[in-house]
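In the form predicted on its own, a lone chain appears below as structure tokens.
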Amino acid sequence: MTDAAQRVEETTIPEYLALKGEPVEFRALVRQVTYAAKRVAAELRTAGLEGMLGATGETNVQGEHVQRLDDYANRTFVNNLLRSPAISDLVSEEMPEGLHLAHQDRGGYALLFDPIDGSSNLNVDMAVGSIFSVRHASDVLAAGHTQIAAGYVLYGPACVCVLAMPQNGVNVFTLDPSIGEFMFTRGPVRMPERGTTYGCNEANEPGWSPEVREFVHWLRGPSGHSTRYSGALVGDFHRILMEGGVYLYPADARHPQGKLRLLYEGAPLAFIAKIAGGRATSESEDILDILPSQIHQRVPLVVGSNEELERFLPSSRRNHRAH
């Protein structure tokens, strides 16, 4: 191992970003994101003992039941991100409107985030995650390819942070609880050209388009893929990132515009996939080309390895032309 490689192997996220020459303000932003994630990870470990499981009785702007840990994670992220002078705008799944910090000394970054993805898994002790997107404040409602960085934290048997930056690739950092720091463990990650698994909620099949049904029939039939689906987008995507394959949450009869949110679910994961060598589509166009009209816009999502997306895309283009 070279001296440079050895230095990377032993680095925390702030040290890694400094080593790679990332701007000081961006490093400060990421430091606050990961600090919030560490607080959430600690709370998740004892949530059952502290009565933090279950719903609050409220619904969010999406019309979804708010879990106690949704509310805790959102407050934790917001409170920590407010401490970063690099951030001038915050957009969260749990807040009806974006939060604009109109102070002269604020930087020009916007952070868009889903504080707890897969919160329905919380009450049954399954993996959940946090997703985030970094943009210029002027680009909150711009197409996804304008993102500066994107990432997620997966709260599983190990707590890992995946961070994607165009100039430095997709890298994985694992929380070392003995020192309370995320340490570099893998990267740059390349998504395999083809995988052996797919993830989707097949109970929604009756409401899918014929093209989506045809593709999933191919996946579970002649292609030889196996199903892996947990109900937590971060966990399912992490498997695809590491092992290849495809994840789908297509439009259906109940969600004709899709169910996932474009700005803090679809676009960040599409950005990560692209930097890692994969692809993502809304069924009719590249996720990263979609120009959002509002912060909570929904979108269908098909994301994964090149071979699986090549198989899917001709059908999606035919469907797009038909409309």
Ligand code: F6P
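Each residue number is its position in the shown sequence, starting from 1. What you are looking at is a predicted structure, and each value in this text was computed from that prediction instead of being measured.
Only in words, not in the display: the form predicted in complex with the ligand, which the text now covers.
Contact annotation: L260 falls within 4.5 Å of the ligand in the model of the complex, judged by heavy atom distances. A residue is said to contact a partner when one of its heavy atoms sits within 4.5 Å of a partner heavy atom; Y229 meets this definition for the ligand in the model of the complex. Contact annotation for P192: none of its heavy atoms lies within 4.5 Å of the ligand in the model of the complex.
The ligand is not drawn, but in the model of the complex it has no heavy atom within 4.5 Å of Y198. Taking the partner from elsewhere, every residue among D114, G118 and Y249 has a non-hydrogen atom within 4.5 angstroms of the ligand in the model of the complex. This chain is displayed alone, yet in the model of the complex one of L233, A73, L163, L241 has a heavy atom within 4.5 Å of the ligand; that residue is L233.
Partner contacts here mean any heavy atom within 4.5 Å of the ligand in the model of the complex, and among 37-45, 285-293, 22-30, 261-269 they occur only in 261-269.
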